[in-house]
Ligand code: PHB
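A single chain comes next, written as structure tokens; it is the form predicted alone.
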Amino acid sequence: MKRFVLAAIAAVALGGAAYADTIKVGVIGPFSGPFALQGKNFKAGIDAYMAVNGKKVGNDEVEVIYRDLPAADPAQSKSLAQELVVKEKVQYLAGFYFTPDAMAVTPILKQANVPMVIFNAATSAIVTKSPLVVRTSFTTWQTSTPIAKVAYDAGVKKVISVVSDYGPGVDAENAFKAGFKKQGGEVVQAIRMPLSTNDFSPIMQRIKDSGAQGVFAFLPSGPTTLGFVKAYNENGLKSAGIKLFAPGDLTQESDLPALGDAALGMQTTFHYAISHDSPENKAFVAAADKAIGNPAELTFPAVGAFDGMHVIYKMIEATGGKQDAQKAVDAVKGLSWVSPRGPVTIDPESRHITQNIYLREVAKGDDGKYYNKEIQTFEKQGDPGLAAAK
């Protein structure tokens, strides 16, 4: 069966859709299940980009074909990618919320002659697995390194680290530990939780018992992050003065109404906030709000998808619609533009996005709505985790 699938992929690659009238983009993501909101944001970002920029590149029509992957499932991710390449004849693969799902697809890219554009998956090493991978999201090294300095500058010298036990979580732990140690701080204990963890009370007790002044946490955005922050408040850690530091996954805008006043003042570092003050972001939010239907559901994966489509359009333009994965990827190395998140560049060496990282604080607007207020900028951040990944 494996030989048959690979042979079919090779036939598609060799036969190529030379100058296709319709260029198909296959997007894999969680469009149902507990992380469906993130898939909905993928689609909102794509729809917003196509609403602003049209559905054609030159004479070629762009068609997006979606495949649902409700939870992390590498085998199913690879199977869906193979189906998209062989049956649907897509020329580009994109999406991928979870790291294991993106990793599973990288081995087929070269033979399929198809680039992969990552809208979310945040482990540094993904781009090292194939020269045909480009990322328009972020990495947890990128978002977790600055918060270490923020914690130390806040007077916290001892921290306990708590992360989900998979690629991005391990990266986040290592990034924070490296950054905090460099500042002069100490990580007194490191806890890794299974991705399926949803009862955080025992974790909160371990944090209390550790003697740490603060906790660094990373979990994938969704029900788990909401549950973790609620448990932090309900188990008395906030009232005990144990400070919580995290990348922005823990305060995605769609969760803030449920967290309420308990989240006020919480600081995170991240590549994007819906409140980002720029004309590019205001135009994006207007289009994405319309695409998603309920503006309260708009959150960060939408901007990864929006910028991902920008990169794919540039690839299509550079290849004239011809199926040539390497030429497509080469064309966007060093590409710079002003994203809704701020100025960005696709690093020509790593094919990962260089961008500003912002320190944000949860605030309450005059309209009574909670938002992430940007209070400091760490400019032109690359990914320090890529050196560790090689």
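The first residue of the sequence shown is number 1, and the count goes up from there. Since the structure is predicted, the reported quantities are computational estimates derived from the model, not experimental observations.
One more form of this protein exists, namely the form predicted in complex with the named molecule; it is left out here, but the text below deals with it.
> If the criterion is a non-hydrogen atom within 4.5 angstroms, does every one of 98, 138 and 168 touch the named molecule in the predicted bound form?
Checking in the predicted bound form: 98, 138 and 168 are all within 4.5 Å of the named molecule.
> Mind telling me which stretch in 258-266, 157-165, 82-90, 120-128 gets its heavy atoms within 4.5 Å of the named molecule in the predicted bound form?
Comparing against the named molecule in the predicted bound form, the contact stretch is 120-128.
> Check whether residue 220 has any heavy atom within 4.5 Å of a heavy atom of the named molecule in the predicted bound form, and answer yes or no.
Because a heavy atom of residue 220 falls inside 4.5 Å of the named molecule in the predicted bound form, the answer is yes.
> Should residue 300 be counted as a contact of the named molecule in the predicted bound form, where contact means heavy atoms within 4.5 Å?
Yes, residue 300 lies within 4.5 Å of the named molecule in the predicted bound form.
> Verify the contact flag for residue 307: yes if a non-hydrogen atom of it lies within 4.5 Å of a non-hydrogen atom of the named molecule in the predicted bound form, no if not.
Looking in the predicted bound form, residue contacts with the named molecule do not include residue 307, since no heavy atom lies within 4.5 Å.
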